[in-house]
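Encoded as structure tokens, the following chain is the form predicted alone, with no partner shown.
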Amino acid sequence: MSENSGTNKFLRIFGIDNQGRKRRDPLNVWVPLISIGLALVVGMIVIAVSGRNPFRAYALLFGDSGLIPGGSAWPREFAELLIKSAMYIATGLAVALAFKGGLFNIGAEGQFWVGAIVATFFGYWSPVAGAFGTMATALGSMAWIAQLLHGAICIILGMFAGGAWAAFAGFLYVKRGVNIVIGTIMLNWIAWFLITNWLVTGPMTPPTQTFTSGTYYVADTAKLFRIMMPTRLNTSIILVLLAAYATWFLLYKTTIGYEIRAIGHTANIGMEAPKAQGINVNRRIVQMMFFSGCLAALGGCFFILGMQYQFPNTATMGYGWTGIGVALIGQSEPIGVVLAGLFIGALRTGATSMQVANIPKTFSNIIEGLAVGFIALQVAVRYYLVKYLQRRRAHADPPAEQEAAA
């Protein structure tokens, strides 16, 4: 086979000869797919060892996940898949953006809840909610304009609050040398307990309640538009896809994004190269953390304005932590994060159905953990994939001396 064969041309174009490190390398797609496949296989083994039928369990899991059309319940399952995925994609984008800049923003959880509580406040606060309620009444059939404006204000202010919360961690990192992981973890717990142990049970609780059930409900004008009645599907999925595109555009089409990626490429060696090129590294890190926090807070806004309509006292942590796994599975690329978020959303949507097979619904978390674990071993997965492709190429295109001998 000649050097210009279709296989060799494909390998050269996508950079497999360089051990698969280029952006267009198909291994960047195959590695997470194979990691997910391995996680599913190991998951089947675990189910079988427990004495249950893994094929029935997976049929229930994915059959009710919303991924497969069909059945009277599919519209509701599909809507739930997209609603949950929107939040996971938002927090995944937040973590991925920080990863690109060489930082581990483990604070997406706190930023998520800061965005949620701020969106809640401006969603019910009388001066704002009352003004937009009056506007909606005056507009009549055009009341959707008031809903659009009120929702936009809640989201923008929630994102700004989450961004400021993350930027504070970035400031501590660049000005005081506080490790970004430790700083964001501490801010997570500060945000969580400040919100759940004071705001939700204190000043934001309606005075007429005889027990704590959460905050005031947001006004109707603050709620996200429904796009598939009678399900709960709303515009959150559209907004998060726009956010994913904006993240991609920021990273690959702007000077700020180029400098963020340059900082990330040299993070392990002190970021000296970007500094030598005149990049204000400290400023870019704070900006990057701000953008990251905005994305995480966007998910919190979805949680309130598209699902709960109040901040419930039963809220549990997890959305930001899940975003870390989504970013890892998605290889910190916006399109990868979107697909990974849909995968996690499908697992979470179909998990309850597995209880029919006497398997706890939390088993989906095991699959997520296995997928992230195999992603963490991506160097080994990539190595064996490259070796496999090289052997195939050598078999299909023998050395010149073998051709001469033939």
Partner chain sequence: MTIVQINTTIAQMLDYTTPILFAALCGVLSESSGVVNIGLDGIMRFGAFFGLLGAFMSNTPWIGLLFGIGIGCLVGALHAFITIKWNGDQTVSGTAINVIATGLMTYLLEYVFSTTGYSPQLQNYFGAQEYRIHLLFLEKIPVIGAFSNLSFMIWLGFICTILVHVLLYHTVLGLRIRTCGENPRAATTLGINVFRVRWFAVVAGAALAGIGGAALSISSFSGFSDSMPNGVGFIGLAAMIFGKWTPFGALGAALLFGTGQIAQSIIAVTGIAPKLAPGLTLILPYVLTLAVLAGFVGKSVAPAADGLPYYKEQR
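The model shown is predicted, which means the values in this text are computed figures rather than measured ones. Positions refer to the first chain, counted from 1.
Below, we turn to the form predicted in complex with the partner chain, even though it does not appear here.
J.: Answer with yes or no whether residue 238 is in contact with the partner chain in the model of the complex, where contact means some heavy atom within 4.5 Å.
T.: Residue 238: no contact with the partner chain in the model of the complex.
J.: Answer with yes or no whether residue 384 is in contact with the partner chain in the model of the complex, where contact means some heavy atom within 4.5 Å.
T.: Heavy-atom contact with the partner chain at 4.5 Å: present for residue 384.
J.: Closest heavy atom of residue 335 to the partner chain in the model of the complex, within 4.5 Å or not?
T.: No - in the model of the complex, heavy atoms of residue 335 and the partner chain never come within 4.5 Å of each other.
J.: Does the partner chain come within 4.5 Å of any heavy atom of residue 377 in the model of the complex?
T.: Yes, residue 377 lies within 4.5 Å of the partner chain in the model of the complex.
J.: Using a 4.5 Å heavy atom cut-off, which residue among 219, 324, 157, 79 comes into contact with the partner chain in the model of the complex?
T.: Residue within 4.5 Å of the partner: 324.
J.: Which of 131, 143, 228, 185 has a heavy atom within 4.5 Å of the partner chain in the model of the complex?
T.: Exactly one listed residue reaches within 4.5 Å, namely 185.
J.: Judged by heavy atoms and a 4.5 Å cut-off, are 58, 75 and 315 together in contact with the partner chain in the model of the complex?
T.: So, no: the whole triplet misses the partner chain.
J.: Picking from 195-203, 302-310, 122-130, 87-95, which part of the chain touches the partner chain in the model of the complex when contact means heavy atoms within 4.5 Å?
T.: Among the listed stretches, the partner-contacting one is 195-203.
J.: For the stretch 38-75, return the residues whose heavy atoms include at least one within 4.5 Å of the partner chain in the model of the complex, in the order they occur.
T.: The stretch touches the partner through 46, 47, 49, 50, 52.
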